[in-house]
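Shown below, as structure tokens, is a lone chain in the form predicted on its own; questions about how it binds or moves come after it.
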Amino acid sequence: MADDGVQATADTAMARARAAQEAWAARSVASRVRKLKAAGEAILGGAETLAEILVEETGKPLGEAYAGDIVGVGDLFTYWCGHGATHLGPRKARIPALDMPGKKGRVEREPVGVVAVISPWNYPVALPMRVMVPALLAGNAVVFKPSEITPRCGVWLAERLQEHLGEVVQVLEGDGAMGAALVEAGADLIHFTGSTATGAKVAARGAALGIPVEMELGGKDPAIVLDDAMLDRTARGIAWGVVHNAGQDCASIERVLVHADVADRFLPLLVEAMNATADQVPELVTARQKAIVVAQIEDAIAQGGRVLCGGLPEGDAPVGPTLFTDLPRDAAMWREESFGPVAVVEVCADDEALLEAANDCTYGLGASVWSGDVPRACALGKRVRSGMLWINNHAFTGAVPDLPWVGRGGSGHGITSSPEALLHLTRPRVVVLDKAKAPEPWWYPYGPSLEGLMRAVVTRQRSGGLMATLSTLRALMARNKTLSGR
């Protein structure tokens, strides 16, 4: 529980956001688009400054700071400002004209209100923005708590948004106590991105408070290498999937499952590709995360795992690109998210064994299948329990705004990006217009004429056809006669 001062800060930010949200929602979508476009231009105009902050706070290489965080944000604004109005537009409802004459309806999307966004440090620009941009476009206000590890990125983004949108965006700096205070502050929706353990606590508290919680949690993604894969390209792609952002990605490849028929040829190529990245992998962002990864390496060694490359770092050296094989499946590196540049390799006898290994996991974020036979890869991939499936690639779609980022099981049920994200960032509102002048046939008084009409309707629903329709019309005329008193 947050102390009184921290809670008061969160409550104040929530009150300011809520006070600003009504006027923001009252704007037309086109007006909100213009404001967001201006904010997006300001963010991209300061890309060099933002990239410098990213490098300082996370240690990312400059190229990765641009590729992983900034370039996708430009696409995000382009997508939502270009297509958002269509996605937010009303949907015409189909109301049965025979049974309910004189009526037409539509389903509109309304903002949920104030969205609390609690975001982590691994992608401190891309992850919050892919929630905040569609949330704001939909007419919501946002209270944003960036990670205490990367506060400058969060504040810089919020300031650019506030310049053009005003108090509809609020930012809260602080550690987990501030995150807990934000949960208590009474948002209309909480979007949490982070560890599965913390996500479970947020979800439980949200349920107690009656606040829906969207969770984007961890992963333990498998990469399945079939016996007809393009081995050199596959090795390079999987090495990137393991090591990019020092493995600090919920969709990093952490389990490499290789068909036995190509293992002898593929594994040397994978080791070579992993080793080639060693001088480009930064240190893990926090000492706590390094301790988790080192503990997994120590456990793998203790359980008899064989090191293919990398291994236990010496002294203060960073964790390098590391692969283990011959590990039992109760090893921490097999079962728990690593969030570092390490992965487990398992050689499997056939496609069914590969599938069984891929599904032996509580997480269900992404999975990739690498094969020269796309139909075969798709057929196998569809049987993997994951929210996302990539064939001959991995994880890059986090930067594609029209594709949902979604998991299953221990990876959470949250959705970011794509029109599907609006299912949570908005609420449906039904509007029905009735021009009928006569009493409705289902109104009082009840009696034989209503019973006859309902039986006729069921018969028509079951069998259809002209005779059933005519029977329904006769029953409806009889019912109307009863209702009019004639």
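All figures in this text were calculated on a predicted structure; none of them were measured in a lab. Numbers for residues come from their place in the sequence shown, where the first is 1.
Beyond the structure shown, there is the form predicted together with a small molecule, which is absent from this document and is the topic of what follows.
Chemist: State yes only if every one of 119, 145 and 217 has a non-hydrogen atom within 4.5 Å of the small molecule in the predicted complex; otherwise state no.
Modeler: All of them do, each having a heavy atom within 4.5 Å of the partner.
Chemist: Can you tell me which of 327 to 335, 350 to 358, 86 to 94, 218 to 226 lies within 4.5 Å of the small molecule in the predicted complex, counting heavy atoms only?
Modeler: In short, 218 to 226.
Chemist: Against the small molecule in the predicted complex, would residue 176 count as a contact residue? Criterion: heavy atoms within 4.5 Å.
Modeler: Yes, residue 176 lies within 4.5 Å of the small molecule in the predicted complex.
Chemist: Please tell me whether any heavy atom belonging to residue 362 falls inside 4.5 Å of a heavy atom of the small molecule, as the geometry stands in the predicted complex.
Modeler: Residue 362: no, not in contact with the small molecule in the predicted complex.
Chemist: Going by a heavy atom distance of 4.5 Å, is residue 398 a contact of the small molecule in the predicted complex?
Modeler: Result no; residue 398 lies far from the small molecule in the predicted complex.
Chemist: Quick one: is residue 195 in contact with the small molecule in the predicted complex, heavy atoms, 4.5 Å cut-off?
Modeler: Close contact exists here: in the predicted complex, residue 195 approaches the small molecule to within 4.5 Å, heavy atoms only.
Chemist: State the residue from 189, 202, 285, 377 whose non-hydrogen atoms include one within 4.5 Å of the small molecule in the predicted complex.
Modeler: Only one option qualifies, and that one is 202.
Chemist: The small molecule isn't shown here, but in the predicted complex which of 133, 344, 127, 300 has a heavy atom within 4.5 Å of it?
Modeler: Result of the distance check: 127.
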